[in-house]
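Only one chain is included here, represented as structure tokens and corresponding to the form predicted alone.
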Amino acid sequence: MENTTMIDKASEALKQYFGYDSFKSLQGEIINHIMEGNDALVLMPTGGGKSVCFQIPAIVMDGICIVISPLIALMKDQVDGLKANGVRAGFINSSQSGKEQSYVEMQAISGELDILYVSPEKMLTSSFIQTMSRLEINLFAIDEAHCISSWGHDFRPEYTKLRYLKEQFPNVPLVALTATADKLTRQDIIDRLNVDNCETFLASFDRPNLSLTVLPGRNRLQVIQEFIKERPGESGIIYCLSRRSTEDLTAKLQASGIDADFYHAGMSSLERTTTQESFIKDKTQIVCATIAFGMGIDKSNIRWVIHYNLPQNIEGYYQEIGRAGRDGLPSDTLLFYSYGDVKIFRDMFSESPLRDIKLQKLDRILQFAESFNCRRNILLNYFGENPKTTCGKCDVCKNPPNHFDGTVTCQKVLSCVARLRESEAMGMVVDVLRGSGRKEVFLKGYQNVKTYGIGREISIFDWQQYIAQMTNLGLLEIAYDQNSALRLTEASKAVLFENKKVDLVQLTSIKKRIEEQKKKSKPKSKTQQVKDDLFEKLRQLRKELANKEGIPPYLVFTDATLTEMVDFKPTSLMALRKVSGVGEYKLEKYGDEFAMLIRNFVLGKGKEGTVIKGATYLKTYELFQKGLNPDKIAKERELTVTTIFSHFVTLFNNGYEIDLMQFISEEEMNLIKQARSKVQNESSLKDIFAQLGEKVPYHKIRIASVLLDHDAGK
């Protein structure tokens, strides 16, 4: 089969099974590359469409695709999603009995599956190797490929054995996919998989639908409570550093009336599964969890992610915030940070053989948190992209910082650090600057140093932020191995002894970010209220259908698909087919119920017969079905006959059964067809009207044009 035909089939499969008219950036190129039999390393952000890159070739090509995935929950989630789209898929992992695994293997051998997900452990067992020898394998896909590399943030030793695949199946294309991998990790993946000649596809890491806000770890609970209350009904994850903090935070949120639960590795398997299933099925709104949560979730309608603590590195942070807004709709992220978090990680890394690189990555995420530059640009630069403009959406872009001459402020800090003999951490330095009466200050005799109390007019929070800026400017170092004591640097001596000028950022910028999280929403317009009302009705229908099938609601339709339904209000199956995410399988399965709900909503059923603006043609259709002709409908509705005919055209385009030929003769059709062929722009009704000597009414020209375009397949 010619490659062009295969690409055509790929496009047809995309529409049929997934409901999309075209591939996202790089998807088509990657799919073409794979179907030509080549290996590939694919880096795409979470929600960027990585799975489609191997799922479409698996559907189109003869044989079966083997997908290696490290997470049992993710396997089940993706297989459920594929089945919901009408794709033949299955999985094998340790959650199944031997009988269940054997049944799925027999399905694969008998050609009943296009895609089979397996764990890396199962993949390399002698029994499964024997099973593979009986399969016509068209592709190997390794998901979460960063797990292969010891430089990656989630290294799995069992993944390193996957080089076996290329050794035993040299002619089967292999694609490795990940959302996060720096240059070092990418090369390590290629080396370990033994695919030296593979092509690397690097999609943009930009997630423009995600807002990025970073705040110091102060008043976190209050800010989080306000944040959640401004987003009623939205699903979100709060990542915490420890198991205990997930439970403590959950208890505090529940006490304030917020629907939340916790998740961590100390829970039993049943407890973790129950929590995760409840969240996936929209029964639990919020989960406070350690970072393991979310890796096995394909839930597309997570609207926000909060980091209660600083993450270990940018890769992990980026992957975790990527769990929000997978459907492409606007979603929010909020990160809190503190030096206490940094100290915990430094202690954790002290015995690691990769200590140095882990510390370097920790420093980078801290620099990101403390920066006053565009957040999105920092992330994109880290992954090798160089954006030319700022994002305009992150907290820094929304509140651009103002600077002031902070030389004297810096000199006070540096002098205090020097007089404390560079032996104290930030907390004690601030206490001395503010003239604290704490017992610890007096026990050490610090009330007698000359810098005691020279900064009483500045708050503790402000001093902490100024010191953080000084650290970023290289004026101070933190000796983490000496109880995080502040130390002077060569650069600080020029400020302290030579009066070198230092610009600092005014802290109003940070305070504005905090206040922004507490802002009350503006009253919604009537139009937005109507949209929200329809979205909620669609969401409830989705949930009812999902509950009947025992699947997560987003597997029926994503929030993005529901939002498009709200915007375009498709009231027929033909119109619904045009909505992104509505494939043939789902159209047949759910289409009638969604189209009927939208039809009833826009006609105002139960609302005293009111008709929502933009759906007036449906009222015309109701009268037409009752036997009224165009003139009587126009009189009844107090509209022009031309407007009524435009409604008929809209109804026809939306798949309603209406015979437009009854309103125009064959002779008129031929005249209009000839006139269209003579004008420069055949879509211009005005030009056609003039070509016909202004003798044929506009509404007949419109009807003829629609019928001619329809016959031509336009």
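Given the structure is predicted, the values throughout are model-derived calculations rather than measurements. Residue positions are given as counts along the sequence shown, with the first one as 1. In this text, the rigid core denotes the largest set of C-alpha atoms whose superposition between the two forms falls within 1.5 Å.
The form predicted together with a small molecule is left out here; the points below concern that form.
The closest non-hydrogen atom of Lys15 lies beyond 4.5 Å of the small molecule in the predicted complex.
Within 4.5 Å of any heavy atom of the small molecule in the predicted complex lies no heavy atom of Leu41. Among heavy atoms of Gly49, some come within 4.5 Å of the small molecule in the predicted complex.
Within 4.5 Å of some heavy atom of the small molecule in the predicted complex lies at least one heavy atom of Arg326. Note on the partner interface in the predicted complex: the residue among Thr180, Thr409, Thr558, Asn138 having a heavy atom within 4.5 angstroms of the small molecule is Thr558. With the partner omitted here, the stretch from 22-30, 60-68, 644-652, 681-689 that lies within 4.5 Å of the small molecule by heavy atoms in the predicted complex is 22-30. Once the rigid core is used as the reference frame, the Cα position of Glu315 differs between this form and the one not shown by less than 2 Å. With the core held fixed, Asp327 shows a CA shift below 2 Å between this form and the one not shown. Put the two forms on the same core and the Cα of Glu144 is off by 2 Å or more between this form and the one not shown.
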